[in-house]
Ligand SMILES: Cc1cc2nc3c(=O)[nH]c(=O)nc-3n(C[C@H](O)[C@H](O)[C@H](O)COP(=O)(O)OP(=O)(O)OC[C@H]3O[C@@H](n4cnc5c(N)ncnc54)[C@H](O)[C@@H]3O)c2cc1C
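To begin, one chain is listed below as structure tokens, in the form predicted alone.
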Amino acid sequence: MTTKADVLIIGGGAIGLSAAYYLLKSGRSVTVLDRDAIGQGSSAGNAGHIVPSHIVPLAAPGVIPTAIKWMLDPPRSPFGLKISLSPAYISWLIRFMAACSEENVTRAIPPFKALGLLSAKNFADLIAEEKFSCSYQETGLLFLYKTESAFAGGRHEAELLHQHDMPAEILDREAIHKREPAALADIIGGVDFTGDSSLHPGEFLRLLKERVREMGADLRENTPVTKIEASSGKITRVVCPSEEFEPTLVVLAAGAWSPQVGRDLGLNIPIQPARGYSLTMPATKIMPRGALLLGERKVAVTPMGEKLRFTGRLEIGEMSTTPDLRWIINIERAVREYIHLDDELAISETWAGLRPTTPDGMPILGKSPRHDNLILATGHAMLGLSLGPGTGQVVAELANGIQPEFDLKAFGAERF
């Protein structure tokens, strides 16, 4: 069976659902395809942090030596690297190492800042307009530090944000304990990125999924794309196991699966999966007041109403979504080094998800350089949720011939 479609979105995570929402608001008809359940993939189990403060890409100076140091202490390392001889994987690693430069950071900051601020504003507007109940808090993101060397790095990051007119507050020992009573006594200081916020990502995506369905979206779950046909610079057919689609426009938002989905398009989509973990439990006796990031251990802590979630680890090249119990245990141990926790935690959910990561640490966002009717919206790494509503607005603008308010060149697929 062949179905005509106006806008066909491949991928039903934070990016795909956000794109669907803004496209529907603009008057377009939308069909969303996902290989699994819509709104329940990698975006649903993450930390739920909305971080316009995150203006520095993953590929930055100092990342390589820090990663090597971490890997020499495997039980405590927040970073892992798959051993593989795959040419695509080796090419990605070489490109990543080359991108860990000041030049890459300088190029990334303006578009990252613009997209992050747009997305944070859109989150606030969308949640208020749609009356979503998803534990949304505009309480900042508080980094906690136990060592002077790590605290110095936090102060440096705060100063960088100040240079770019972004808010960050440096807190000494007394101020940090006044701000966060759950912190243990040996926390020596912190930085509060006061423009950040947090929510329950699974609840947000569940509500967004239902809203776009109410707005008229055709949601097709458990519908993997097996082939994409193109002719004369235009996608003509998208093939699924039991149905084919003839779209006017295609949005590729398939996250870590984007290279596989787009393999027929002749595009260079250098994305590697970066696996992360989370564990969720009922509220503890002493709940953090807001979202936290544990500086030295790179673990996120997020209160979500009557729940508490810990999120951590970055494993480049791991495609599996099966949680590794060792890292679930290590993440809990890390949190116990920073904040008060109950002696026994009633863990109700464990999760492993894949962040789609480009070699330069920046999303791929914009029109396809080879197809008139394809928009790419993928490669957001750990920021897929955080940048979702901003990316969704940009996709809708591009789809309707509207020039976004900031230059997308740094996000273009042509850079690869």
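Note that this is a predicted model, so its numbers are computed, not measured. One-based numbering along the sequence shown.
What comes next is about the form predicted in complex with the named molecule, which does not appear here.
Here is the short version: of 151, 277, 136, 245, the single residue with a heavy atom within 4.5 Å of the named molecule in the model of the complex is 277. Contact check for residue 385: a heavy atom falls within 4.5 Å of the named molecule in the model of the complex.
Using a 4.5 angstroms threshold between heavy atoms, residue 26 stays clear of the named molecule in the model of the complex. Taking non-hydrogen atoms only, residue 41 approaches the named molecule to within 4.5 angstroms in the model of the complex. When contacts are judged by a 4.5 Å heavy atom cut-off, residue 257 counts as touching the named molecule in the model of the complex.
Exactly one of the stretches 220-228, 74-82, 153-161, 171-179 approaches the named molecule in the model of the complex with heavy atoms within 4.5 Å, and it is 220-228. In sequence order, 10, 11, 12, 13, 14, 15, 16, 33, 34, 35 are the residues of 7-35 having a heavy atom within 4.5 Å of the named molecule in the model of the complex; the partner itself is omitted from this view.
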